[in-house]
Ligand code: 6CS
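Heads up, the chain below is alone and in the form predicted alone; it's given as structure tokens.
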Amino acid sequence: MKKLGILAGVAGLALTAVLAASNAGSADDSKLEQLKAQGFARVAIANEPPYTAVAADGKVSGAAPDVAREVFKRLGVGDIVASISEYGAMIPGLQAGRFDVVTAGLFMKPERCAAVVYSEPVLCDAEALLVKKGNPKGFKSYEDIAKDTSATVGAPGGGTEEKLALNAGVPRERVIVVPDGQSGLKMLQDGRIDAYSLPVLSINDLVKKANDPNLEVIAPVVGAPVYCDGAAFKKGDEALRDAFDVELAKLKTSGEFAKIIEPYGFSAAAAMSTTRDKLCAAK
């Protein structure tokens, strides 16, 4: 009888675990239905253009909210309502239920990936090369510059781009320290350097202001680090995250994703060049 009692107890514990898992799954699955019913998703942003922005009339824009708004619309959630938050308060606020998702340039890092569930990449800042139109030397990487014994690359002194070029084998004398963006642009235009390297956002902003049709941006630089955010959801909301990912993938495939983010200076190709799993595992 004692053995039967133990077995009954074990069976009871197993049944309790199954019911708990079932209830968790139901709660997970119901999150999207809850958002549909309330007609909006509460998002955390940082008011940091071009990632996120709030106009004087309260209208939320920026690349991350614009993507989130379109994805949620496709999921049947009419709009987003934003709350401005400091980066350090975003994950605690999400965990406390003060908002449904973070769409704010919150880059994926292993410690963050352990605390929340991210969508696939949305906004990325990668390295870029500014070259003459047509990319006459065919640069795709810093290694390409190293292999061309006559090629020079401009980069900010002591910055990431200078280090990446040197680590790729570009000799010190062919890595030209450039004091600022306008100087790098002018040196490239004058033929004093063959490429100028900065992050994608910085290069795109420089090109936009230059309005020079004889320039071309190569991004992302092959083999260089890519830093990306994604929409961050509370643990337990994996079904909502997965539904978000499905519509995000459709946006990327159709080209609508590029139309949303590239006017802000972001590279759709950079976001599509990596994955959540790679970024969350990166040291």
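So that there is no doubt, residue numbering starts at 1 and follows the sequence shown. For clarity, every value in this text was computed on a predicted model and none was experimentally measured.
If you look for the form predicted together with the named molecule, you will not find it shown, but the lines that follow are about it.
- Contact with the named molecule in the predicted bound form, defined as any heavy atom within 4.5 Å, is confined among 208-216, 133-141, 72-80, 159-167 to 159-167.
- Looking at residue 198, you'd find a heavy atom of it within 4.5 angstroms of the named molecule in the predicted bound form.
- By the criterion of a heavy atom within 4.5 Å, residue 93 is excluded from the residues contacting the named molecule in the predicted bound form.
- For the chain shown alone, residue 112 is a contact residue for the named molecule in the predicted bound form, at least one non-hydrogen atom being within 4.5 angstroms.
- Among residues of the shown chain, residue 257 is not one whose heavy atoms approach the named molecule to within 4.5 Å in the predicted bound form.
- Checked against the named molecule in the predicted bound form, the candidates 188, 203, 106, 124 yield a single residue with a heavy atom inside 4.5 Å, and that residue is 106.
- Interface residues of 34-66, taken as those with a heavy atom within 4.5 Å of the named molecule in the predicted bound form (partner not displayed): 48, 51, in sequence order.
- The pair residue 203 and residue 255 is at least 3 angstroms farther apart at the CA level in the predicted bound form than in the present model.
- Here's the thing about residue 123 and residue 157: their CA atoms end up at least 3 Å closer in the predicted bound form than they are in this form.
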